[in-house]
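One chain is shown next in structure tokens, namely the form predicted on its own.
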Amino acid sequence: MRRVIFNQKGGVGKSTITCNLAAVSAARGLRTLVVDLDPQGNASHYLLGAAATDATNHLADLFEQVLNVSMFAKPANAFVHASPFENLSVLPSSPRLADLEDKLEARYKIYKLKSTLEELESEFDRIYIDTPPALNFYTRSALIAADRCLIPFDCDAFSHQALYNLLANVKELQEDHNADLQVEGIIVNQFQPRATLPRQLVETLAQDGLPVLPAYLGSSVIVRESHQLAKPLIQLDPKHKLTQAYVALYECLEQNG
């Protein structure tokens, strides 16, 4: 199963959600891969720590190989890096992805990610794809390559207004490129149960018939600590309230799947 975590708005927690759902999956014994398509590389640094900076054979190298066709091309698994956590691997990002985007788009390599992940699918039970905060070549590649789409929603009015436009973009891509893609659900992030606006916004989404997932993610300083230590929550503090919210979200997704 290939899941893409996508939102055109920045700061909604895509990388944190991607990495922590993947970490729960790995902790459950499933061979799990995180694909980091964001040139900022937040997911790569979260799961690989300092090793992400020194990594060779990363996603930019794979795409450069696509542009420079050679009979000596490396297989897709040559670009996969094991994380320090059992069952959890990363196809890491690089700032060079930003430089390659126009070249890849001009050569119409929009389906290359899909074929790469199909090549890797026998080696992994779950694949989670982190995306940049834009509807660009890489996010469209991810939506074409994925089976399921998860949309983080961070409970503010601007996110609410943008959500419907985002869903329209996903629907257009489904119609044109990937009829099998399902919007698996909207992930409510940074939820404050005692605040009026977040509750009203989530209620409005549900009233509009949108697939709001029932396990909400709150906010906590432990997330910053988790980032700093390059250690997902399930590894850092399995009993923490936010960790348990991620476990509940993961179980909801698996039950639906």
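This one's a predicted model, so the numbers in the text were calculated from it and none came from an experiment. Position 1 is the first residue in the sequence shown; the rest follow in order.
Another form, the form predicted together with a small molecule, is not on view; read the next lines as being about it.
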Exercise. Select, from the options 61 to 69, 207 to 215, 193 to 201, 37 to 45, the stretch whose residues sit within 4.5 angstroms of the small molecule in the model of the complex by heavy atom distance.
Key: 37 to 45
Quiz item: Is Thr32 a contact residue for the small molecule in the model of the complex, using a 4.5 Å heavy atom cut-off?
Solution: no
Self-check item: Residue contact check: Leu242 to the small molecule in the model of the complex, 4.5 Å heavy atom
Solution: yes
Quiz item: How about His227: is it within 4.5 Å of the small molecule in the model of the complex, going by heavy atoms?
Solution: yes
Quiz item: Does Ala51 reach the small molecule in the model of the complex, with heavy atoms at most 4.5 Å apart?
Solution: no
